[in-house]
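First, one chain by itself in C-alpha cells, the form predicted on its own.
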C-alpha cells in the first residue's frame, strides 16, 4: 500500500508538471497584454516582467518561473487585475468564500442524498422509487447554472427570501446567519447536482447489496429488515459511496466557476474566469495549477480510501 501511494504521488507531480508546462508554453505563444498607465504601479510590473525574463527565450522564462515558485513561492503580480498585487496573496483572500459556499452545499447535500438513495433502494420498483429516479435523471441532466437562474428568479426576485449577492466579510462573518442566508441561493444551485448524484449511487449500490445472498442469511438468523439493512447492507454499500463523499469534501477548494460568477461570490472561481477574460497570465497560471492540483489530490485520496475502507482491496494491491 505504501509503495502504491508513493507511486501515485510521483505520477501526480509528473502529471502536474506536464500540464503546467503545456499551459505555460501556450500562454507565451499569445501576445503579451499591454500595460495601461492609468491606475497602475507600472514600474513594479515592468520590474517584475524583467525579473521573470519576459524578453528572454521561452525555456529561460520557464526556468525562471519554476525557480521563483520553488524557492520563493512567488507566482508574480497582477497585471490586468489587482495591479501590482501578489497573485498568491489575492488567491488566499478569495479562497475562504469558495471553501465556505461549497462546504455548506456539501453539508446540506450529503445527508439528503443518502436519505433519498436509501429510501429509493428500500422501495425498489415501487412508485416512490420511480418518482425519485425520474427526479434524479432530471437534476443530473440539467446544468447547475440553469438551477442558478431558477433559484434567482423564484427565491430571490419573486419571493424575496434571499439576497441576489453574497454578503461581504466586513458586514457579516462566515458562520453568521446573514452570511448563510446570502449564500443559500448558491448553496442550493450547487447542491441539486450533488444530491442527485449521491442518490443515484446510493440507490444502485444498496439495491445490489440488498439482493445478495448474505442478506438472506442475515434474515434467516432472525434479524429484521431494518437491522439487516443498517448492520450489513449499508456497511457494504459504503465501500463505493464513502469514497465519493470523500472526493466531494476534498474538492471544496475547487469551487464552481460559473455559480460564483452568477451570484457575484468573490471566490476563486470568479477570479479564474476574470483572469481568462482580461488575459492576466500570472493569475491564469496560478489558478490553473491550483485547480489541477485539487483534481489530482482528490483522485489519489479516493483511490486510497477504497483500500482503507475495504481491507480486501488493500490486500489485493499488495500482490
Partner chain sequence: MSNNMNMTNFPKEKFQFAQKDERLHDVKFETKAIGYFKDAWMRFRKNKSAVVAAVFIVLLLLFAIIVPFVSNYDVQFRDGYYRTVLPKSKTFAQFGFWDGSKTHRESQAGYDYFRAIGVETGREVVKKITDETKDAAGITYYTLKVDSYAKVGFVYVNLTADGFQKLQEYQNETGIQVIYPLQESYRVNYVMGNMGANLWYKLADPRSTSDGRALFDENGNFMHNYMTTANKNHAGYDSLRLPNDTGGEDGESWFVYGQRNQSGYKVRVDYYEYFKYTNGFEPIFLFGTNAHGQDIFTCLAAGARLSFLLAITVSLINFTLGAIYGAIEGYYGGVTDMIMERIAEVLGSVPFIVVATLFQMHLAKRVGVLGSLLFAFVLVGWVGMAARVRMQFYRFKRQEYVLAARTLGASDRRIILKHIFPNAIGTIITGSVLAIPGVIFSESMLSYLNIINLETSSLTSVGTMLANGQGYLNTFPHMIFFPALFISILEISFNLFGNGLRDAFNPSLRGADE
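Small disclaimer: the values here were computed from a predicted structure and weren't measured. Residue numbers count along the first chain shown, from 1.
What comes next is about the form predicted together with its partner chain, which does not appear here.
Contact here is defined as any heavy atom lying within 4.5 Å of its partner chain in the predicted complex, and by that definition each of 19, 141 and 272 is a contact residue.
At least one heavy atom of residue 137 is located within 4.5 Å of its partner chain in the predicted complex. Interface membership of residue 145, defined by any non-hydrogen atom within 4.5 Å of its partner chain in the predicted complex, is confirmed.
In the predicted complex, at least one heavy atom of residue 11 sits within 4.5 Å of its partner chain. Proximity of residue 262 to its partner chain in the predicted complex: non-hydrogen atoms within 4.5 Å are present. This chain appears without its partner; in the predicted complex, the one residue of 51, 43, 277, 55 with a heavy atom within 4.5 Å of its partner chain is 277.
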